[in-house]
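Take a look at the structure tokens below, where one protein chain is shown in two forms, each on its own, as structure 1 and structure 2.
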Structure 1
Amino acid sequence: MLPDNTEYTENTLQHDPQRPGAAADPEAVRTVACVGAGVIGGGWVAHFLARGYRVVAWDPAEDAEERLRGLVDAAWPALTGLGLAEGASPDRLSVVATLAEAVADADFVQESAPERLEVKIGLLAEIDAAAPEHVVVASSTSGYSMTEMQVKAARPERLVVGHPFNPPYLVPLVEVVGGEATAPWAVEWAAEFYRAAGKSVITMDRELPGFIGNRIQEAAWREALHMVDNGEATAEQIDLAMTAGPGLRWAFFGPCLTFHMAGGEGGMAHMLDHFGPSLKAPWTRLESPELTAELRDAMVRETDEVVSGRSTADLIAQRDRRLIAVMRALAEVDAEEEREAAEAGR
């Protein structure tokens, strides 16, 4: 884990005496091993293939290969629309029979096993024993700390968390953090690799339960459950309030910058001074409501009304299409702003 107030540059990474000399440069990775091929693991496979990597995958399920190739085929039109890297092809995927075979020639390993701590601990220890000793191994865990998961690994210093957002083949965020036994070079190596693989990376300074994005997302989800539980709003109203309201702004300005702008010329200072007392108002309830049978059934019923008979495949296709549209629009604006800045600098 990176110590507080420590910045690792590319030069530091290259000359870190603890870094194994055989470790590939992050931009020189050619083969990625994906261990676990469910929704998240399969999403990682699709992303790495679209970025031109050779991917070797393993999953213990009997129908793993069929499901994985189906997921990649379903994601490929969206990835093609977003833009493929040179050499990108589903044909560069190999699904092998054993974990050892999957990681034998890997330059990087992404683990995406089910979210059960005992499974994560055992599997990471197996990967550590089988993978070349210089290879960084990342876990897609959405809640466990690496300190909890690396306890049985012989070389825990090369184990990191690489937490994605679903679907990993489209949403760019990856949160990277090590555990107490993780070497700083491994955290920085993983961050640089993910950037080279087209991801937006947060290198966290310390372990945090649920990481950053999940905690923000969970707060909104808990409030949504409270509103439904108390009959204050329906699932349809809640979703529309987000997609037609703050969700639009949060695609490019997060909550901190949004509230800074709410302060006008006075910025965040004015916003906090003026609206700070409202933080004590009973607008939100961060404690989760009890998930009673009534609340559970209400959420299912109201969500089914919003879904309105659409299949999961239909919803995924719609989600991916709209995500790409937002990402393309933002990319166009970014390019325009870069040109304007360059012209202003002349």
Structure 2
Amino acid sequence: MLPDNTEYTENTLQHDPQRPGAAADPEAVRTVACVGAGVIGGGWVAHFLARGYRVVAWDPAEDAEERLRGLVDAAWPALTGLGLAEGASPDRLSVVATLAEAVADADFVQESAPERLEVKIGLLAEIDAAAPEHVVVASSTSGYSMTEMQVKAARPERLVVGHPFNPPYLVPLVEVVGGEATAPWAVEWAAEFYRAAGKSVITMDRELPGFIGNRIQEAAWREALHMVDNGEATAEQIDLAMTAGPGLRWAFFGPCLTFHMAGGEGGMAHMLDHFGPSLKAPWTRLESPELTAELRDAMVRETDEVVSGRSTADLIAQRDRRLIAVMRALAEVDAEEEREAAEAGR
């Protein structure tokens, strides 16, 4: 005889010193609560629905349900194009009237409230009070640290940041980091869960303002603002320089691998030893760090891990193949849109 639900729950609720029982298996998550359903929160809802989860959402705005269902419907063709999980359906979304209802049965909670510190602090304390004991709660914040936000929660150890990129239903990156009062198990659990939910996850061991992705994005953005401010380039030139230049490669090879390739057969070591002096050149307003022997060696060693044994010829072949695939894919979309516009105009 199978144990009834009560017994089953009790059995799995053994207290693991590393990770409490109820949250034991990130792969077993069935129900996700989304608190806040604006652009980011709604994007999370669409993502979790497409991955086959049941989603319970709450947002205090009057027209929240209508807007949210509209966002999901608008994103669904894109998600279908990418491939839905089995059983995925917009019908598995419930929009409820209170925060307590939203989180009561959740296996995981994603908070995406407006970026105001008091709002985040209060909401995380409320979610913590209402959600099942060992359920992990993640905040989408891009501007605050969990250390700042978890101060009023009774169980701050299960609160983490799970920072997505817009739109969360398509862009895979999620950066996961805890606050000072967060338990390591919660960070690990969240990373495993996001991976199970189809995301590309970076786990950070310290709270860094802007995480990693936003630091890179913001550096590029501020350089762009300086150029416009000085009349050196227009927004149009900046955007074209990106999309016809480095942006095409950055869709598949990051800055470290790109600069490794700039060193030819000598890779990152040759690049740094040969072009290191250009770090003093005024090619951006951002001052470079000193290229110490330690930094040089760290870059070489870490980039070697990214390269992972691929030869220069391998990397060139892989880069070219991907560049062509990306360029052809984008050209096809352009052509489709032109055809559609021509047909609509007839």
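Since this is a predicted model, take the numbers as computed values, not measurements. Take the two forms, find the largest set of C-alpha atoms that superpose within 1.5 Å, and that set is the rigid core. Counting starts at 1 with the first residue of structure 1 and goes up one by one along its sequence.
Q: When you get a sec, tell me if the form predicted on its own is 1 or 2.
A: It is the first structure that is the form predicted on its own.
Q: How far, in degrees, does the smaller rigid part turn against the larger one between the two structures?
A: It comes to 179 degrees of rotation for the smaller part.
Q: By how many angstrom does residue 326 shift at its CA between the two structures when the core is held fixed?
A: Its C-alpha shift, to one decimal, is 5.1 Å.
Q: Residue 291: how large is its C-alpha shift between the two structures, with the rigid core as the superposition reference, in Å?
A: Shift of residue 291 at C-alpha, rigid core superposed: 31.8 Å.
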